[in-house]
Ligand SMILES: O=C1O[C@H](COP(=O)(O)O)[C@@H](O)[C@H](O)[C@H]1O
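Only one chain is included here, represented as structure tokens and corresponding to the form predicted alone.
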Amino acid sequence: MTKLLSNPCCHPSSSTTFSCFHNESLCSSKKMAALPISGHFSKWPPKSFTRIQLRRSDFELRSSNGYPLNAVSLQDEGSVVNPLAEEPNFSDSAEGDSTLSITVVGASGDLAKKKIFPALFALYYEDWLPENFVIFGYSRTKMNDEELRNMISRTLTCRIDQRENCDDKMTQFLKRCFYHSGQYNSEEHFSELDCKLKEKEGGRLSNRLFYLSIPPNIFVDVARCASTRASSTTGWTRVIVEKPFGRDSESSSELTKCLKQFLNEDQIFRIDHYLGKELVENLSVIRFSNLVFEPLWSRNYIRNVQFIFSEDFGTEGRGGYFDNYGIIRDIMQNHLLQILALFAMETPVSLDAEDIRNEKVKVLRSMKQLLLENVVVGQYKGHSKGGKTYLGYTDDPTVPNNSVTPTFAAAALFINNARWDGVPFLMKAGKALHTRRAEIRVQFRHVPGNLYKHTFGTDLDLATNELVLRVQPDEAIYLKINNKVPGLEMRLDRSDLNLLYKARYTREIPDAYERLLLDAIAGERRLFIRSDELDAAWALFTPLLKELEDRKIAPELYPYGSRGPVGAHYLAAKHNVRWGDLTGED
């Protein structure tokens, strides 16, 4: 069964435009086989491989939430349905051996070396990968298998609770790693990769996962080459795509349109690694499995919610890349907005991926237009502290001297529905600030007629209960409450009911990439972004970004290592909010 492509997408001319062209060799009267998104599965026998259970009595897929997956997930309206994307055929061949082939495209890049290969090794070390698997690195860099192994071995680490000799496990893992050098737009080179994959797969039923750790302007090239020359013909083929997913609504929509020339929506896994963070995963558990919280989760008891992201370093040599995007595109439009949608969504019908993503999309579509008057932008400047001089953003030689790209942004957003009407959702993200942190802060309303308000003086903010989920560093959940200080006098104190993860749990917390890679292998899409979700997110931020850039709004300068621009405090005060991370209590 085949899929006719009359206008496959070409190599984009820039990172912001994804145009299409008519290629006679691919299009004129020829048909291109689409990737099968469902295929046969077999038993994977590693010792502790319980996260994915492969039979439907026996043959039921489970993922990070422990919930059974649907065989076919929701298709976007208007998308072309792949005729091969049907219920898996659990025939006799499904009971035979299968193999998993993972290709890291852009294998010589920093992301691959620092995150992807270490995450794959961690999954192997913990026995989460199937018995038969192979990993290929693919990039333009000339190297051989041994050079790839030497490169990635420098970033591999073992778990704290070592059960086996680390060196032996590392050696065994590296023996599964191979390399192929090629151009990203060369179908010939991907055909060579396909031959190597088949050789390693040894005739077994093959499932293939491609991780695109590359700039977005070559996503479509790789999708085209992989789909036509290196996709599995017997099992599934999936593609993980790293952000940024365009720069605005138009470029994002064009990128999605071009990718769907070669892939179905069910094959595209748009990764946002923040959704794989342990505390973000725990957000829904805290809300939906604790009676003490769910009844409070509305405008009746919550007066504001804050999503805070700060880094204590600047662009650190990434100025050229960062200047094309800025902090709003880099952090707010994806990481923080995704967490907001998870926080504010209604109770889903089930834990199925599509039910959860449907509720997230409803939240995004219910949000009021983001106005410039509810946004503050800043840019860090050079500063001397403790005898050390820190360069400003425009001091970076890769950044234009007159750049107005924000390295800091704060915004007040509102959701126009019955649950959240009038509640300000404040976002704040910045580089070169006084500390490194990412957290969600829920500030509750004051107690009506509080009998003890005189004890707090005139500052009722001190009497506010606050729930804090610290995503990083030092993962923790704590609830600020008011209590009496022991003694004969009536003196109140604000204390924390604290769950500090490193004190409560002895096991090392898995990296977000480990969870997301495992979910992609399992076909669990709950933590990946659907195309309509992406459209709704860009629809919210694109008008603001266009206005900032068209009017060349100058960012407020703030010293490197400070708490950010003063304007962020005025923005919070305008909505009767005090930033929770600036009280000095944490």
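Since we're looking at a predicted model, the values are computed, not measured. The numbering used is simple: start at 1 and walk along the sequence shown.
A second form of this protein, the form predicted together with the ligand, is not displayed here; the remarks below concern that form.
Considering 261, 464, 472, 403, which brings a non-hydrogen atom within 4.5 Å of the ligand in the predicted bound form?
Selected option: 472.
From the list 502, 257, 484, 318, which entry has a heavy atom within 4.5 Å of the ligand in the predicted bound form?
Of the candidates 502, 257, 484, 318, 318 is the one lying within 4.5 Å of the ligand in the predicted bound form.
Please pick out the stretch from 197 to 205, 117 to 125, 291 to 299, 310 to 318 that is in contact with the ligand in the predicted bound form, where contact means heavy atoms within 4.5 Å.
Single hit among the candidates: 310 to 318.
Flag residue 339 as yes or no: does it have a non-hydrogen atom within 4.5 angstroms of any non-hydrogen atom of the ligand in the predicted bound form?
No, residue 339 stays farther than 4.5 Å from the ligand in the predicted bound form.
Quick check on residue 478: any heavy atom within 4.5 Å of the ligand in the predicted bound form?
Close contact is absent here: in the predicted bound form, residue 478 is far from the ligand, nothing within 4.5 Å, heavy atoms only.
When the contact criterion is heavy atoms within 4.5 Å, does residue 331 count as touching the ligand in the predicted bound form?
Within the cut-off, so yes.
With the partner left out of view, is residue 287 within 4.5 angstroms of the ligand in the predicted bound form by any non-hydrogen atom?
Answer no; every heavy atom of residue 287 is more than 4.5 Å from the ligand in the predicted bound form.
Looking in the predicted bound form, is the ligand within 4.5 angstroms of a heavy atom from every one of 303, 444 and 494?
Checking in the predicted bound form: none of 303, 444 and 494 is within 4.5 Å of the ligand.
Can you tell me which residues in 237 to 273 come within 4.5 angstroms of the ligand in the predicted bound form, by heavy atoms?
Those in contact are 243, 273.
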